[in-house]
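For reference, the chain that follows is the form predicted on its own, supplied as structure tokens.
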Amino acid sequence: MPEASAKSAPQKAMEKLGLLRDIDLALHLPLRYEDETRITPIAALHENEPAQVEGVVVDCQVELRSRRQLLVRVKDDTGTLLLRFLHFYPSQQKQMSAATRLRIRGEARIGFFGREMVHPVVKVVDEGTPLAQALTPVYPASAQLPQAYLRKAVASGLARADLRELLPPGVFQGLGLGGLPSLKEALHHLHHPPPDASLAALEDHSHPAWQRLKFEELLAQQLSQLQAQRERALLAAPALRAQPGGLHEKLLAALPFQLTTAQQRVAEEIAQDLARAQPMHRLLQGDVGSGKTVVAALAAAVAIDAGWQCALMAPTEILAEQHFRKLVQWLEPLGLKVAWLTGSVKGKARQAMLDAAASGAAQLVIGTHAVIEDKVRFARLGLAIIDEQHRFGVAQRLALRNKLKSMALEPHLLMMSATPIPRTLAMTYFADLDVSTIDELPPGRSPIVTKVFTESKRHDVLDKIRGAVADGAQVYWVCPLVEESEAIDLRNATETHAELSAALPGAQVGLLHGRMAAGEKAAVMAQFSAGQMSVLVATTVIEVGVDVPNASLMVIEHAERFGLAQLHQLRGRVGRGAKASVCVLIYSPPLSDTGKARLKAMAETTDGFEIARRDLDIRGPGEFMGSRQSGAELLRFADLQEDAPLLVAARALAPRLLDEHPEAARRQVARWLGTKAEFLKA
């Protein structure tokens, strides 16, 4: 026998939706509304418009035409309506017997046999049964959560929830937001709108009640970010200062190139942060190829010069190895020991690396997720650098920061991203970060021309490759899959490698994919980097970190399957030398609207900031952000594009509220975010 306390399927479904507190239910807002407040005469029905009618059944029978179906005819004083049910139970047929009065809601269609509704919602009523007094909400739900159960739960939660005003009186007038209702009024209006409410304003979220909710949500998010930033400022970190004539200056002197003005500026911003005794929490962003790695190397040099260790974590072995090669080339001649730690380093070699990190002999440790494993210990970790930070979850970033806890200190944290952050995102999801931007490319980089071809032009693309190889250029050909999938009919890397090998006799064609052993990958990349290989067929393992200046042509097959940021990252593998570079995007029609928007953006601009802005438009902030919130979507209602004025107002109010009304600020965050605010601290 199940225990009496066992939860029902609807209760479990509500928990899955995060509906745990009364305030959660109160803030679970309708997707749309159904108008059950009025009856439309049958003769006045318009095609494809939802409406409610009331009539008496004149005929109910099962017909066997092309398929078995239940046909019910009802009439009112103005005409007749046919109800068609393709799936039905015997009980429904009995419910709708002749002379029964029904209230019916659905979308009418007008055909050869007159007006009809297919699978409408039907309710048996008596003559004079009162109509609903408010629009009926339809809530986001799941298969295990019926609307009737959810409506009752939401109504109970709304009645019990503490909806007292937390904001100081008159605050809206000072922000230019006068005329907004109270939170309680706004929520009651949105859950139970009166019959004369504007459905359009409710459903496009422009109604003042929606504006109030979106402002409250943005304010809670801004307060949470500001609290996280202030709490971090109270923590202690080692003060790392560059020494005159030390490692930092030696590295600058040894580099075979001059830093750009932008690189010099951001390197100085980072050095100033490192010199403070509070933990740095800085994002270094710059377009593909802007030279973030050398800035990270200079930061590492400052930390190591001050007697502390540095860890650099990258999401893939290829990217980690690229960093390793560059940093070893720059730092080992200066007397530094660099350790390499990834999942593929095993046995005695791995133990040697672990010992070097734990003893402090390894001043810089570079690797993948392996760097944050429990067995990895640092003697004095002063700086943690995370590349492509959006590819890591909150728990992973916290694990790296916690490597210094034994000394009651936090390491400084430098996060890097080649996916620039649009301004509205920087003001919300990254409001707690200091952001440094490298906004210029090193000299000598060639512009990249992007061309879009349909799959039917594949032979023309092969001709371009023959010409490029004959001229001594190197080519990337990117495929989305390694093996054939029954679900997605895409050419795989192995097939394409065979095809290009046959089409390019005399040219060496290499193959690189994620399932190859680390040693095999390294050997293939070494050959391609050395110019011994003309064409490299690869999956997206080359998305970041690969730097071969002689590669000037990239072909991305099934480009419609890739995200915009990923396409831009891949394109950034060419254009790294003086040769004019081309990126060819091959797609298989038909294209979705999203696919068209992505390929159009790629063809029109190579500016990473513009690409990021369009990517935000296409995907929205939740997907764009990846795992920063570890799956917790912190903005459910506000739209970062449309609601920018509300965001500016919330951003202005947050510090004032935190300083002058700290308890109200705490309750505002708790009301809206609950435990989700913890995600922002990483």
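From 1 onward, residues are counted along the sequence shown. Quick caveat, the model's predicted, so the values are computed rather than measured.
Below: the form predicted together with a small molecule, not depicted.
Partner contact region in the predicted bound form: 251-259, out of 555-563, 251-259, 269-277, 179-187, criterion any non-hydrogen atom within 4.5 Å of the small molecule.
At a distance threshold of 4.5 angstroms between non-hydrogen atoms, residue 355 is out of contact with the small molecule in the predicted bound form.
Within this chain, residue 289 lines the site of the small molecule in the predicted bound form, having a heavy atom no more than 4.5 Å away. Although the partner is absent from this view, residue 343 stays clear of the small molecule in the predicted bound form, with no non-hydrogen atom inside 4.5 angstroms.
Although the partner is absent here, residue 439 lies well away from the small molecule in the predicted bound form, with no heavy atom inside 4.5 Å. Of the residues given (244, 443, 90, 335), 443 alone sits with a heavy atom within 4.5 Å of the small molecule in the predicted bound form. For the candidate set 549, 146, 531, 360, a heavy atom within 4.5 Å of the small molecule in the predicted bound form is found for exactly one residue, namely 549.
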